[in-house]
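Before any questions on binding or motion, here is one chain by itself as structure tokens, the form predicted on its own.
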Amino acid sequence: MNFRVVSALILRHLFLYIRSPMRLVELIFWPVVELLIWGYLTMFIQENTTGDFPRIITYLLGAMILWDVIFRAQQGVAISFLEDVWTRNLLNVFVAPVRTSEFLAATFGVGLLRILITVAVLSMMALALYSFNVFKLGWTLLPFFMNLMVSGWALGMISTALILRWGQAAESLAWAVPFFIQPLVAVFYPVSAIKPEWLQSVSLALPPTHVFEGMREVLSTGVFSWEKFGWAVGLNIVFMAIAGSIFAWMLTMTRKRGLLTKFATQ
């Protein structure tokens, strides 16, 4: 892998954001709206509920911020691909001596930058408006962050593979794919709340589930579960291998059939 090629591809996307301020607005606007909605909801519940509410608001806001890590990582891969489609630049990228691994590494880098911007904004707003400090998770924040980011990258590769297969008519999948699994990964509630019970086995087979369960355990007991961390890492390795294979296979098939030219002319 040539890191100069990777850095050049990342720089190309940075130029797009710098020269198109509306892209930065989109990057921040929707996460902020979602944070405000969950924040207002939890404040309303607090005013009308007695009991152990501080822990509940911590769960909701913490889960919302961590969920955005998955979503932004997935968007970094899928939207970076679509940016090249929209700007008629896809053929230029793949005609150039760019390996598939270098292309993916660049989209991963873009996803990381999107995550850092979004999480920084949400963390400051959550602290200022709701006195919630996501960094109270301490050093455990890093393994949670890394696992969710890898999960998002895997979803991004799957999203892009589906777009390669069905063309621009499937562009909506770039936003929809993460929400297909959101009800199953126990973002805002424990796995035990998922019904029917057989779906709990499906939930436990997804890497983000163990991250969100681990987050709630840290917030409630202060203990980091190495077992949940191990499951998240192991499942992420499997999912990355599967997603990478699907993406590489679909890209190879698209090249052989000459469909990249169709993407460039639509």
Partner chain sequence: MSAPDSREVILEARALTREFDGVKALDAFSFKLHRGEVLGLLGANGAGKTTAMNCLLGLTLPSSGGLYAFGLELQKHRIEILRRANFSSAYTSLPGNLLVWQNLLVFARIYGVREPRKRIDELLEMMEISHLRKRVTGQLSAGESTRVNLCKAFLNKPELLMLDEPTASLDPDIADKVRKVVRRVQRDSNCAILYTSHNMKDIEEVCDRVIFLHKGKIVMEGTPMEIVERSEGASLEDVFIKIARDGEIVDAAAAKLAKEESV
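On a predicted model such as this, the values are computed, not experimentally measured, just so you know. Residue numbers count along the first chain shown, from 1.
The form predicted together with the partner chain exists for this protein as well; it is not shown, and the discussion that follows is about that form.
Within 4.5 Å of any heavy atom of the partner chain in the predicted bound form lies no heavy atom of Phe108. For Val95, a non-hydrogen atom is located within 4.5 Å of the partner chain in the predicted bound form, even though that partner is not displayed. Though the partner is left out of this view, Leu9 does reach within 4.5 Å of the partner chain in the predicted bound form, counting heavy atoms only.
Under a 4.5 angstroms non-hydrogen atom cutoff, the partner chain in the predicted bound form lacks Arg165 among its neighbouring residues. For the candidate set Leu112, Leu129, Leu141, Leu91, a heavy atom within 4.5 Å of the partner chain in the predicted bound form is found for exactly one residue, namely Leu91. Checked against the partner chain in the predicted bound form, the residues Leu24, Ala248, Leu16, Ile242 give one hit for a heavy atom within 4.5 Å, which is Leu16.
If you check the partner chain in the predicted bound form, you find no heavy atom from any of Asp68, Ile158 and Gly230 within 4.5 Å. With the partner left out here, the partner chain still marks one of 98-106, 174-182, 149-157, 187-195 in the predicted bound form; by a 4.5 Å heavy atom cut-off that stretch is 98-106.
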